[in-house]
Ligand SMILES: NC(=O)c1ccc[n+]([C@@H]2O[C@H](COP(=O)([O-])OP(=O)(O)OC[C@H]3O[C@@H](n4cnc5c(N)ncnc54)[C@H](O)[C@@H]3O)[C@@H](O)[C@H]2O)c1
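Taking the form predicted on its own, here's one chain by itself in structure tokens.
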Amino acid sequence: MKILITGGAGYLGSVLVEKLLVAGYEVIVIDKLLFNQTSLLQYTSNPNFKFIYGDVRNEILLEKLCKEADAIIPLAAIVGFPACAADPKLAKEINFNQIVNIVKFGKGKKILYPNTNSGYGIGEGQTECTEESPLNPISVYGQTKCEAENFLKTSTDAIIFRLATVFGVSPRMRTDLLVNDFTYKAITDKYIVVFEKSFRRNFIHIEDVVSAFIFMLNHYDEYRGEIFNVGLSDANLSKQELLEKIQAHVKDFAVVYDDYYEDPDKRDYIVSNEKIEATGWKPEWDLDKGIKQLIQGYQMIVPKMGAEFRNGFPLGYANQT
């Protein structure tokens, strides 16, 4: 099977490409390399890998690639509320118009679409958000992603994932995601000021997101047209609870809670992941395992931290043996 991944050199795509190639799939990636990343260089010798430098707004190119593929995973996106708020027009073009074009050019193809569970907004009136809960996006990012989901639901039999906040190490690393960011600050700055500490989110490791994609590729006919929340059932945590987990791994990490500033990202909800777990898919990474991975990964990412590490552990690391 030949898989087209738009934005495949990004945070999620860089991990997904490796796993798909190992599983024996042919992989085509189109990416504009907006961040000058070289996260896929190691696959250029693999005959099942093909990279196309290009923009998903190039309809001629996108049509050609869609027709070559058996399945399409559209990862190209303007991600997060700050980036989308800064350029709503671009966010609409990439996050929504791309999907419309993929549906137009990829009729009959398998489509696996990653939405964000930030579409649940503040989860008003919900004890926990299930796939039946109404979407109430509160940012341009959430709105454009949910518009794309709604279009896919009415036009295709795509499998849709509503992803929890992702964490973990990737060749195209992102330090802005909440767990990644808090862990980074814990071992570099050693302190953090946090607003609205009681706001809850659900979390999922990047390796588990990838395994969910591959699981559904292998079971596409069984679950076509379905929507799945993808997160850790034991990780519906407030910001304070998340920080307390990180403090268990990093000593001398000072946390100050203060509400003098209002967090513009108002997400606050509890998410049920029972539906995808009922398929037989299960996550393999919990938060503690992911935090340990991040601590180790940041040794290689942040040069200035090198002198602070002794015998593989940062000063202040709480050895969990």
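The shown structure was predicted, so the numbers you read here are calculated from the model rather than taken from an experiment. Don't overthink the numbering: it's just position in the shown sequence, from 1.
Same protein, other form: the form predicted in complex with the named molecule, not shown, and the subject of what follows.
- Residue contact check for L20: none of its heavy atoms lie within 4.5 Å of the named molecule in the model of the complex.
- In the model of the complex, L34 approaches the named molecule with a heavy atom inside 4.5 Å.
- By the criterion of a heavy atom within 4.5 Å, L16 is excluded from the residues contacting the named molecule in the model of the complex.
- Contact annotation for F203: none of its heavy atoms lies within 4.5 Å of the named molecule in the model of the complex.
- The three residues V103, I160 and Y220 each lack any heavy atom within 4.5 Å of the named molecule in the model of the complex.
- A single residue from the set V79, A71, V140, L232 has any heavy atom within 4.5 angstroms of the named molecule in the model of the complex; that residue is V79.
- I94 is the sole member of V169, M216, I94, L242 with a non-hydrogen atom within 4.5 Å of the named molecule in the model of the complex.
- Look at 232 to 240, 172 to 180, 132 to 140, 103 to 111: in the model of the complex, residues with non-hydrogen atoms within 4.5 angstroms of the named molecule sit in 172 to 180.
- Contacts of stretch 1 to 25 with the named molecule in the model of the complex, defined by any heavy atom lying within 4.5 Å, are made by G7, A9, G10, Y11, L12, G13, listed in sequence order.
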